[in-house]
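Let's start with one chain on its own, the form predicted on its own, as structure tokens.
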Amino acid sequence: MSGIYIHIPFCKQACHYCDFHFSTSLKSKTTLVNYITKEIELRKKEFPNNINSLYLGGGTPSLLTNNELSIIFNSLKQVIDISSLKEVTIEVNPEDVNREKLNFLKSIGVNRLSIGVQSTNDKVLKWMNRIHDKQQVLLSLKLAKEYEFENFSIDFIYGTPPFLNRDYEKEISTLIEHLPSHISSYHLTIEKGTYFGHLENKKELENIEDQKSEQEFLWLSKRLESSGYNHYEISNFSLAGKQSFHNSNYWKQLPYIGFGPGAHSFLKGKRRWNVSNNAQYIKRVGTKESYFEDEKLSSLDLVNETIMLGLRTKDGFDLDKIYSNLSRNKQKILNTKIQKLIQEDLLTLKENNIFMNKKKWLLSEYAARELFTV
């Protein structure tokens, strides 16, 4: 399987934690949409086979008008049969969800929503600089069900500072009452270049302690699993059969092709990323200049990626597959590292698959680095 990603780099305002590529100036929105279709045309021979998913992310794709969305979908229809895709997702913010928008999304083939909730606490939402409030969250979830989007995901952020005094049980209970098919739960990270990053530099904000992070992570996992959600990736939970096809393609190192400024692609062992500047993207695509950079991954790069991505998932990684791409000497070195982490209770070996100890899942990046081959 393989997927298509389209990056829509516009937001009404900047969330204090977000370091994705976006602009709060909407003046070039329609122009940029037209240049995304030009990129689709330029790359129509690059589309991978067996595409099962289309994902519109951002930014805030729900800011696009119906006409702008139609322009993109009509361009894609020249290359693929959208109606045959298993999963067509668009990220939406609660304040953009209304009956007219949902009716239109269904009409063009969208069958999955990813709703940027983040919290149901108005104080927390204001602190994050989100536009919506709790009432808009609840209305968006109600409308999603009303318009029979049975497959919808919500984003939720935990790991926020203690002074916010959040009641996670109350927030999660409120959300799962609406039976989202999927929940993506992310720990707050303070990134350079963001407002929170600025506060961190001034010593006015800091990440919560690791022990507290672990407690909140384990509580969320237990709470959601007790409500019927499968914790299938470190940050993702789903009801039976509702795992994200698109994100699973990433974790399985399957091909995907990305369009728009800042979008990434992975095709034929090569990673490629578009320029993260709207004006430069428009200029370079228009003149057919180079608007991207790329990198051919070595066999060892791919092995390391397999390890890193596998440790993020419930399925882990197949040790035989890894060993088949390593010399005898590197196999021995890797095996020694694996045994060390098993003894430290970070890893588990079962039927020749390596998994993270679920209680230590937050240390998956550390474990991956320890196992990387050079």
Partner chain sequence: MKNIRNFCIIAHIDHGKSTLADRLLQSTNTISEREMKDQALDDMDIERERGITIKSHAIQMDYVHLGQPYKLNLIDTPGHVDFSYEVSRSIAACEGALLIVDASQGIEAQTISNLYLAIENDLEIIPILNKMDLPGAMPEEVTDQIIDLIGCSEEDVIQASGKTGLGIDDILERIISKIPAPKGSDDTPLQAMIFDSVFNPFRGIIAYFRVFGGVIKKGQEVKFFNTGKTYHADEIGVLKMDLNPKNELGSGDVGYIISGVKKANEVKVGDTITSNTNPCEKAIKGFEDVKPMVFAGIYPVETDDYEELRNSMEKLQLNDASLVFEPESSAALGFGFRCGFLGMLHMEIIQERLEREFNMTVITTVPNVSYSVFLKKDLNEIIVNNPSELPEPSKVEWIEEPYIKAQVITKTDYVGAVMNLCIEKRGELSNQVYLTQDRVELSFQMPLSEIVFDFYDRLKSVSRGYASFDYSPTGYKRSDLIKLDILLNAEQVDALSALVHRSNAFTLGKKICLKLKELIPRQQFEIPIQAAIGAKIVARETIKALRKDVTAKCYGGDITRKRKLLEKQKAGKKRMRQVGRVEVPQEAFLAVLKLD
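Residue numbers count along the first chain shown, from 1. Since this is a predicted model, take the numbers as computed values, not measurements.
We do not show the form predicted in complex with the partner chain, though everything after this point is about it.
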inquiry  = For the interface check, one of 163 to 171, 249 to 257, 281 to 289, 140 to 148 should have non-hydrogen atoms within 4.5 Å of the partner chain in the predicted complex; which one?
reply    = 249 to 257
inquiry  = Within 4.5 Å, heavy atoms only, which of 133, 200, 214, 96 is in contact with the partner chain in the predicted complex?
reply    = 214
remark   = The one residue among 312, 43, 330, 29 placing a heavy atom within 4.5 Å of the partner chain in the predicted complex is 312
ask   = Is there a heavy atom of residue 1 lying 4.5 Å or less from a heavy atom of the partner chain in the predicted complex?
value = no
request  = Tell me, yes or no, whether residue 264 is in contact with the partner chain in the predicted complex, where a contact means a heavy atom of each within 4.5 Å.
outcome  = yes
key: 4.5 Å heavy atom contact, residue 320 to the partner chain in the predicted complex   = no
inquiry  = Within 4.5 Å, heavy atoms only: does residue 11 come near the partner chain in the predicted complex?
reply    = no
message = Taking a heavy atom within 4.5 Å as contact, would all three of 115, 225 and 229 count as contacting the partner chain in the predicted complex?
response = no
ask   = Which of the residues spanning 233 to 249 lie within 4.5 Å of the partner chain in the predicted complex, based on heavy atoms?
value = 234, 235, 236, 247
